[in-house]
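For reference, the chain that follows is the form predicted on its own, supplied as structure tokens.
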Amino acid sequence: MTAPAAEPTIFERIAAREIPAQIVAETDRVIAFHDIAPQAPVHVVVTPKQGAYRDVVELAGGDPGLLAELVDVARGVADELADGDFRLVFNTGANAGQTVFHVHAHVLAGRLEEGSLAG
């Protein structure tokens, strides 16, 4: 578990309703909202409300139950917005594209574009 940052992360501020977001799902510990720069027809960020973990590896080691809850919320979002078909992406580390160091997943769904990663 990482020491709390001096300033709340953008995701903590969204969860606290300090920054507006189009929220699509929420539990006591997890929040899901539309990404402001979508990379797919459905692009939702799912994250714990508290920024105790920097990435999915820390979360899995520190609170596997919270990780399971996050994945369950992601599944519910996909069921509601994309007929249950989705990709779930965790970027881990700056060189992998992580820009907010508060664990979060991207729910991506919709028609795959030609040439996009499939597998």
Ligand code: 5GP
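Quick caveat, the model's predicted, so the values are computed rather than measured. Each residue number is its position in the shown sequence, starting from 1.
Quick note: we don't show the form predicted in complex with this ligand, though the next part is all about it.
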Answer key, this ligand contact in the model of the complex at 4.5 Å (heavy atoms) among 35, 69, 55, 63: the residue is 35
Residue-level question: is residue 91 within 4.5 Å of this ligand in the model of the complex, judged on heavy atoms? yes
Might residue 95 be said to contact this ligand in the model of the complex, defining contact as any heavy atom within 4.5 Å? no
My question is simply whether residue 16 lines the interface with this ligand in the model of the complex - judged by any non-hydrogen atom within 4.5 Å. no
Considering non-hydrogen atoms and a 4.5 Å limit, does this ligand approach residue 10 in the model of the complex? yes
For the stretch 83-106, which residues lie within 4.5 Å of this ligand in the model of the complex by non-hydrogen atom distance? 91, 97, 98, 99, 100, 104, 106
